[in-house]
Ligand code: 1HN
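Shown below, as structure tokens, is a lone chain in the form predicted alone; questions about how it binds or moves come after it.
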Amino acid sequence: MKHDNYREDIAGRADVADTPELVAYYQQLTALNTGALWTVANKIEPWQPKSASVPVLWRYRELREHVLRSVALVTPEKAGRRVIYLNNPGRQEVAAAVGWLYSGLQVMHPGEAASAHAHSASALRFIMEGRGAYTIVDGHKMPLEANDFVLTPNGTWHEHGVEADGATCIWQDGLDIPLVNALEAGFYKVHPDLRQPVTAPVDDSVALWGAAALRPHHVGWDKPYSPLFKYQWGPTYEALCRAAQACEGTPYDDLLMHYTNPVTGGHVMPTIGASMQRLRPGFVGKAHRHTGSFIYQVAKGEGYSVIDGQRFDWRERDIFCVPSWAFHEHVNLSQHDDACLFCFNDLPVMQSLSLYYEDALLENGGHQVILSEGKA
């Protein structure tokens, strides 16, 4: 624990003045690949979380043409995956969208397919537009539609593509690549046959595990991730609408529901969680903050969010991030229609390591003072 005499200065050092003797001492320690803790104490043990990430809004109407242009420039075979990744100005050295989370927009034409591969990073995708997209995970094939959410857990063989009679598809990828790399635990491999056989009926995971409050008696599951690889938009939205008739929601997120593992009731994967929330017409949320990094995509509607004093106006398919411990509040601008926000996050990591904390803004009626308009 810090004491009052640990006063932070610009260099993040304790209140110890440099003397010729101390400077020489520091140099001697450096030569031994060591250092004096008091010179970095306030930097490595901050009083509270201070994220290197900054709030960012990625406007889909500005990104879409560049995502589509990549189709003419590179092929999936040459590029591996044709993806435009989201780069947070504060996390460029690790190619993260926020914190330790990666995200990108992937595009595929009808008839294209990426080779089967597996990696240490956990991954998900959220379908944005198009027709005929599919994913195969460990032999389980799933057709995908707009606003469907699909898992490709770490270590699983997975591939994806677009059927020949489909239409150009764009989806958002989300992975914990920066976290896995920070832990120096990343592996990547390509399937020896480049394709994996489909060994189960199409959409079998939905048939077995997708029924609300029902669990198959004769099918076991001992993996650390959800056996339900695909979470469909239709049932998700219906659940949010039913919940609106039964509860008031929260003053911060209105109706917020987490995608869960139907076996355990916990998060869908050990390192990445996901949710969908519904902001009812005219909802004006109050501000709160919590540890953990969050990436939102607007699945429906339009509104704005205030993140650390910056206002970001969003509409359908826009993506924005909330860094750890940043105050944020959401507003639905429509008085007649709802807005829905898909989100993926590192909440499972925060909770499993007992690092999750939450705090509400009490001043100014629970609302932030808007200091600037956020830029994309």
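When you see a residue number, it is the position in the sequence shown, counting from 1. What you see is a predicted model; the values in this text were computed from it and never measured.
What comes next is about the form predicted together with the ligand, which does not appear here.
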Quiz item: Which pick from 274, 269, 299, 175 sits with a heavy atom within 4.5 Å of the ligand in the predicted complex?
Solution: 175
Practice problem: Using heavy atoms only and a 4.5 Å cut-off, determine which of 117, 230, 280, 141 is in contact with the ligand in the predicted complex. | Solution: 117
Quiz item: Of 241 to 249, 77 to 85, 211 to 219, 256 to 264, which is the one stretch near the ligand in the predicted complex, taking non-hydrogen atoms within 4.5 angstroms as near?
Solution: 77 to 85
Quiz item: Can any non-hydrogen atom of residue 288 be found within 4.5 angstroms of the ligand in the predicted complex?
Solution: no
Quiz prompt | Partner proximity in the predicted complex: residue 91 to the ligand, non-hydrogen atom cutoff 4.5 Å | solution = no
Quiz item: Does residue 102 reach the ligand in the predicted complex, with heavy atoms at most 4.5 Å apart?
Solution: yes
Quiz item: Can residue 106 be called a contact residue for the ligand in the predicted complex at 4.5 Å between heavy atoms?
Solution: yes
Exercise. Scan 148 to 164 and write down, in order along the chain, each residue with a heavy atom lying within 4.5 Å of the ligand in the predicted complex.
Key: 158, 160
